[in-house]
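What follows is one chain in structure tokens, specifically the form predicted on its own.
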Amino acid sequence: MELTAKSRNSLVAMYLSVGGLIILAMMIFGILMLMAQGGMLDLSPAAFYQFLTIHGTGMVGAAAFAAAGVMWYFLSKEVKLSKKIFKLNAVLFLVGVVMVIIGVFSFEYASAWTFLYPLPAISANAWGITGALLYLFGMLILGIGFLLLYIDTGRAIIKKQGSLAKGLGWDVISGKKEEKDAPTPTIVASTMVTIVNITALTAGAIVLIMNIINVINPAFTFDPLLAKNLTFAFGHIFANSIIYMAVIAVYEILSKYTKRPWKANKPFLIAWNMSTVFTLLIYTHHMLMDSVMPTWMLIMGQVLSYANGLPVLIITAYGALMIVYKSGIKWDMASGLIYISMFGWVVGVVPAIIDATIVVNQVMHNTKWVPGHFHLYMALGACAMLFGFMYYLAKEDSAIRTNAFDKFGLFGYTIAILALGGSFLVSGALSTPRRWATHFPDWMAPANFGAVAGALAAIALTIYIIHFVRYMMMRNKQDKDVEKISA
């Protein structure tokens, strides 16, 4: 059945609505954790670690879900994707989320998103088998949905381009084709995400299944170092892919607003090919404190982490500057958030590159410096792209208008995330450990400052969501009016 614009928009709007609401809920958990660390809220350590688990798992999962909707929206205009699989992924995602929530809050499961072996099975009675299995099976089901989605995008790209290699522009890079015949930026980015996420989700499924067997039968054991490598290969790649899916909105929306095509030339294609390889390998910078890791892998983790911060980021950030320069672009919420996301991406990558230095990592990695980088990168980079797309879709698909509250949300969100990320970085510079439920008094001030900044960010996101809900209500009303006229 042919995919209509109405059908596409409805499905994508559902992805964005679910993703946006979960991100808002996860923000609230984050604020509560900071308040507890700052001494403003009396929260038991058990509850803190449950909040930590749901916050990390839910934030990345929801952002990935919304970003998949963005990628699917633009890619479905160029290749024939399966509507059934897109719906199935949504169903499996929601089933997995419910299982994770029950496991965490009803059965007190609290291993953080990393579920590092053998922690799910050996918790010092902090949680039981049921909680661990609900969480692990929930994550597995959720991952299966995403895996099916990326297998479908791979199938569609291969059918259109001939192979995934051609989807990355190998024939153009090698000179067999001219640049004018290169795949579009949407296809290039989608091909990269398809490759890295099929790899990541396969690694995740393997380690989840091994953990599940270990929980059921403790006599089954496996190498903890292998488990950690698989876990971070899954988690780091999957979290990184969010910005690579969302950046498609940057290419498409800025091109439309400036009336200038974003060309996939050779430097663009080479950059995306480099990031494809680097993204698969740089998870090793999370292993720099593991002295039992092979030395060559640790060196690779440092070198490639430095290199990965450059190709696509520079090509995209520079491209965004050039495509807007003297274009006469009319700024609105969509273009504003999209443009700010470039700044968030650049700012977020800098502390990550610093942390990827082995001598720095050994001191800073287990401090709040790491969530400082990630909150800037994810919230002001990837999520700003998602929220910009929400405003774009609402504008394209209805007659809705923005107001002063939306503008407040734009500036409030930017300031809030910069303040939140800064509070984490300051905490890291003070050697404040991350993932600790309680803080010494000397560590509390940045946590309290971050909690206030987080509250402002949550208010801004609430404004975005209200706007999007208004769009959906207006859209439904328009559909009903059309049906009445037709009748």
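Just so we're clear, the structure is a prediction, and the values are computed from it rather than from any experiment. In case it trips you up, residue 1 is the first one in the sequence shown, and so on.
Below: the form predicted together with protoporphyrin IX containing FE, not depicted.
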{"query": "Residues V70, Y257 and A334 all lining protoporphyrin IX containing FE in the predicted complex, heavy atom within 4.5 Å", "finding": "no"}
{"query": "Segment that reaches protoporphyrin IX containing FE in the predicted complex - one of 105-113, 158-166, 259-267, 82-90, heavy atoms within 4.5 Å", "finding": "105-113"}
{"query": "Non-hydrogen atom contact F374 with protoporphyrin IX containing FE in the predicted complex at 4.5 angstroms", "finding": "yes"}
{"query": "Partner contact for G56 in the predicted complex: protoporphyrin IX containing FE, 4.5 angstroms, heavy atom", "finding": "yes"}
{"query": "In the predicted complex, G428 touching protoporphyrin IX containing FE (heavy atom, 4.5 Å)", "finding": "no"}
{"query": "Interface membership of M444, protoporphyrin IX containing FE in the predicted complex, 4.5 Å heavy atom rule", "finding": "no"}
{"query": "Contact set, 30-57 vs protoporphyrin IX containing FE in the predicted complex - heavy atom within 4.5 angstroms", "finding": "G30, I31, M33, L34, Q37, L52, H55, G56"}
